[in-house]
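Alright, here's a single protein chain in two forms, structure 1 and structure 2, each given by itself as structure tokens.
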Structure 1
Amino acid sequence: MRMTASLVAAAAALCTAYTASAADISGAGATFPYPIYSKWADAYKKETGDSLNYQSIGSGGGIKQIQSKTVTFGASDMPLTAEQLEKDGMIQFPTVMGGVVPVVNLDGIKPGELVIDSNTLADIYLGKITKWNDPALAKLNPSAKLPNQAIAVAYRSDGSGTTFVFTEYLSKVNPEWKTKVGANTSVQWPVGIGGKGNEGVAGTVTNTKGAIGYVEYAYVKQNKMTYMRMINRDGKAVEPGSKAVQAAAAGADWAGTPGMAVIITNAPGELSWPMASATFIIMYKQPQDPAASAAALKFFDWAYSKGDAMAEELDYVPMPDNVVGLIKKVWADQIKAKM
């Protein structure tokens, strides 16, 4: 669904690109938000005549492009640190969020039936828990019938924000994971097989009996995969979903974190989903072309006020209102480009 929607949006964006008369906004980076940026761009074009040219080349590429000033904004799934931003004279702000969800393939297990906590998940990915009927899993799921079956671990082989969120969460909650593996868009996995993209991990999990993997929430929903519930920081088992991710985001300290580099993992709150993250836009404080930056800000301003429904249609999670207010304050204070 998301594929078709994004294709249609991309095609529409292409068709209209040639007739663009007003300001063209250019951006490049993360692939995760590409479908929603194209959808917003299409609607924005219809409303204002301004078009957005977004190349989804990956977060690393997006950061490189903004550093070499070939685009007005860069987009990254992994926030830059405050020092990095300061060094280059840039700011960043979040646009939409997504959650990362563990999925399994076990006979007779329904979606949401199994519960898992952070340490068990870490031990599985460290190769310390190798069977589904391990006492740790059995203790969390007393009523489920867990088979004496080997666990096939699946991970994202391509560098991705999804992997970053997953490994960042495990690093935060499990000291052994932090020292042995760490957090990054790609890491050295102790065990398991790598699939390329969400579809690769999903394919591996769907085809392999006894497999566990992690994919974007939207992917779980659209493909009706067998997801797991997770025990969050407050010790409550939560279902993955838009509400749970927003609950996690609302509790995060956006104002107090330098560069808004918030990674919404292990968030407090009874309803919070433990593995979530926003995707970020990176721009210069003193842009070479203030008019272009102003046009880009105008686009994102429009997206925050009118784009929420479109984001939810594609199973993204919109930013909570208090965070949007904060973002607009940062724009006004720090970017030298008047809208």
Structure 2
Amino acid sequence: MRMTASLVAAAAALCTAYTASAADISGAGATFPYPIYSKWADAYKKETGDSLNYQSIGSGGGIKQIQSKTVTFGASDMPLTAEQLEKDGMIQFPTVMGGVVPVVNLDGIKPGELVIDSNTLADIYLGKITKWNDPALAKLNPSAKLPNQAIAVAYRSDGSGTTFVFTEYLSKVNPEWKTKVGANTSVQWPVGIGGKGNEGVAGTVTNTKGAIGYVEYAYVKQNKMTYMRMINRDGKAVEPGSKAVQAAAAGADWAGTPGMAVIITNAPGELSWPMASATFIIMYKQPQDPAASAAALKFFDWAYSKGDAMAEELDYVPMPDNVVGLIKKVWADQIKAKM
């Protein structure tokens, strides 16, 4: 059957519009979930042909980009308050949960061999503990051969949700930290050297003898880094990983927290990882480009339905089914974009 010139033109226009819509699915922000977002994006493109462009620039950058409307969605490990969301006409929802983990570079020390508690970790980052054989570390690790070596402190130089999780936890458990440094995506660090992104801190620690840093657990696994166990709120030394994050999130009240802004650091429970966190997506209720927002929601809908196993492979914890149900209700009720 022959097509008329007008039909050919209409078909070409539809193809162009579809391609542009797919290309417009853009996001930016947290490096914490970048490994799983990247894995999801690859699988999604193979299944649907649609691409997702995610810039791993840190939570602070992601918040700025969505506020300036240069991306379809922002991503942050620091949830915005309900007041902030209402003021800007935005919603947020969690995608996965994970853990922030202290990592070190010490000759002869194996992953998980050393243990640290909250006050000792705070004192290292406050510059009060400067050597690896300090009595506080030696008391926690009586069987370890701790060297008389300077501690090289590494931190995030960019606006970072991973930093928010780290500093929010220390602010909860250490009054001096709360007073002198506080909790935010970017703080005035008392000591240390900065690295950009989880990738940057992982690289700094890997390349610096005597270093300590903090990164999301997926980066620990990918880079085969030497992590530390942590003493949690119940006084138990715990290993990082999905089970410890699940334990920390067990009592989270997603439905009852305005803006779903749940923070799960320093959670109770013998198995709970102390620096556990969800990571969030931020979108406009009335987007400038409804088609792009609809395409983004379609991607996250797919991720909730088919992405759990991929998340678990990287030791992220998928959101429970009841929470996904709450999220989809928020989409339906508040976002003006049809999937």
Partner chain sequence: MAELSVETSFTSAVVDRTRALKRFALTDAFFRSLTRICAISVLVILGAIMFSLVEGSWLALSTFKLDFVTTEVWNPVTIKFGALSPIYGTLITSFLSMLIAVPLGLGIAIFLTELCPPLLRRPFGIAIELLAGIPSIIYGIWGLFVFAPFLQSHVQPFLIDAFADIPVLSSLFAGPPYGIGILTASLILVIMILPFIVAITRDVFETVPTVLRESAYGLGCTTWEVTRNVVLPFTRVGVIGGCMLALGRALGETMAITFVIGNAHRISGSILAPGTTISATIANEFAEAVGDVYFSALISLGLILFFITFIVLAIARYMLLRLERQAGN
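This is a predicted model, so every value here is computed, not measured. Each form is matched to the other, and the largest set of C-alpha atoms that superpose within 1.5 Å is called the rigid core. Residue positions are counted from 1 along structure 1's sequence.
*Asks:* If only one of the two is the form predicted on its own, which is it?
*Replies:* If we ask which form is the one predicted on its own, the answer is structure 2.
*Asks:* Rigid core superposed, CA of P147 - does it shift 2 Å or more between the two structures?
*Replies:* No, because once the rigid core is superposed, the C-alpha of P147 moves less than 2 Å between the two structures.
*Asks:* Using the rigid core as the reference frame, would you say T167 shifts its C-alpha by 2 Å or more between the two structures?
*Replies:* It does not, since the T167 C-alpha is displaced less than 2 Å between the two structures after the core fit.
*Asks:* Comparing between the two structures on the rigid core: C-alpha of E270 shifted by 2 Å or more?
*Replies:* No: E270 shifts by under 2 Å between the two structures.
*Asks:* Once the rigid core is superposed, tell me how far the Cα of M260 moves between the two structures, in Å to one decimal.
*Replies:* On core superposition, this C-alpha lies 3.4 Å from its counterpart.
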